[in-house]
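Form predicted on its own, single chain, as structure tokens, below.
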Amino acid sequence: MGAALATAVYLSAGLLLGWSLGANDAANVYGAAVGARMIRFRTAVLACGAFVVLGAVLQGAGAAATLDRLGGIDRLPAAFSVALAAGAAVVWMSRLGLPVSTSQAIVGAIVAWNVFAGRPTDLGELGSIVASWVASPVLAGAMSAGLYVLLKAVIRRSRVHLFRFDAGLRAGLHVAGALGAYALGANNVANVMGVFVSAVPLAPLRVGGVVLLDGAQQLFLLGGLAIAVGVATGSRRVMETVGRQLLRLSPEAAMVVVAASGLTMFVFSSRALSEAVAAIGLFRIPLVPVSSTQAVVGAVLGIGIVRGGRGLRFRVLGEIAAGWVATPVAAALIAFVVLHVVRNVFGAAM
């Protein structure tokens, strides 16, 4: 097998993971808007795909560096095994209709790789990532609650004509969705291609004689495209779960959910924001891959709390939470099996 073909085969696992992320996590960016029937599914697919790719290429390096420090995977067979295990876990959960976390899946698989290879896991990096799994839904919920109260107050005082109000909401949903999709690409492309960055050294590529993409950005471009395909071909069911089953959302609430979840992902993706916060004497925001699912669910819960808990479907919330617990465990177990097979059956050097 030629080197180029072998690299393509190994990268296929990352592309599978990207597809599964698009079918599950990326759907959450527009799920609330589609569930509220303010944006058509086809329109959401096109907008989400475009801005995911843009965010992945322009800002995907920060969270990817964190995953690289967590696992330090520098061989293609190991990167393939980890990505395949994470993708398989997410596909499995997606078929059950659960909006699970790709971030948790890839972290579970990387930790399994560290154990398999006898390497120490960077507990500081792991702690930052796990803490973000708690912080992101809390932050999204707080943002959502505050934005919802503010928006309702503005609506009461503005007395905008119904048709103008509807047009404004649709425009707001598109803007918030674009922000969310961009932030998702910037943050979660690390889950898709982060383990391949050290294992696949690519020469810089100039596109159109103007744009210069380094090796990592070329991988992020591939990952972003895989996510976009996943949104187009497999996301409708999860959009329905998050957008309509957990809590029935009004159009203005849907806009708030999209904005709050997008802002939350952006917070954990922006190197400039992290450095600005640290420069004024506060803590440095960790650049870690967070779960868009957790951010969206946190945002929906924030609105539910403002409403006094009315309409929240706690059974659905329990099913989602169970998926969050099961995902890293399932990914780790699958990773052990795949790693053993790749090394012992195919004789690949790890």
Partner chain sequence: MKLFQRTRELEDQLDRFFDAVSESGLVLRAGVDDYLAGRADEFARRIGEMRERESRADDLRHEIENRLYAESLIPEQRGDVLVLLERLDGVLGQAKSVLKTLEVQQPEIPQPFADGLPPLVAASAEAIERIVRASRAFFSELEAVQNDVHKVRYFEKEADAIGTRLRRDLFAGGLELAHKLQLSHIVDAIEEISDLAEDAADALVIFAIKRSV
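Residue numbers count along the first chain shown, from 1. Since the structure is predicted, the reported quantities are computational estimates derived from the model, not experimental observations.
This protein has a second form, the form predicted in complex with the partner chain, left out of what is shown; the following refers to that one.
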So which of 125 to 133, 156 to 164, 259 to 267, 177 to 185 is the stretch with heavy atoms within 4.5 Å of the partner chain in the predicted bound form?
-> 156 to 164
Pick from M38, I285, L301, V57: which has a non-hydrogen atom within 4.5 Å of the partner chain in the predicted bound form?
-> M38
Considering the partner chain in the predicted bound form, which of R75, R236, R271, R170 comes within 4.5 Å of it through any heavy atom?
-> R170
4.5 angstroms heavy atom contact with the partner chain in the predicted bound form for P251 = yes
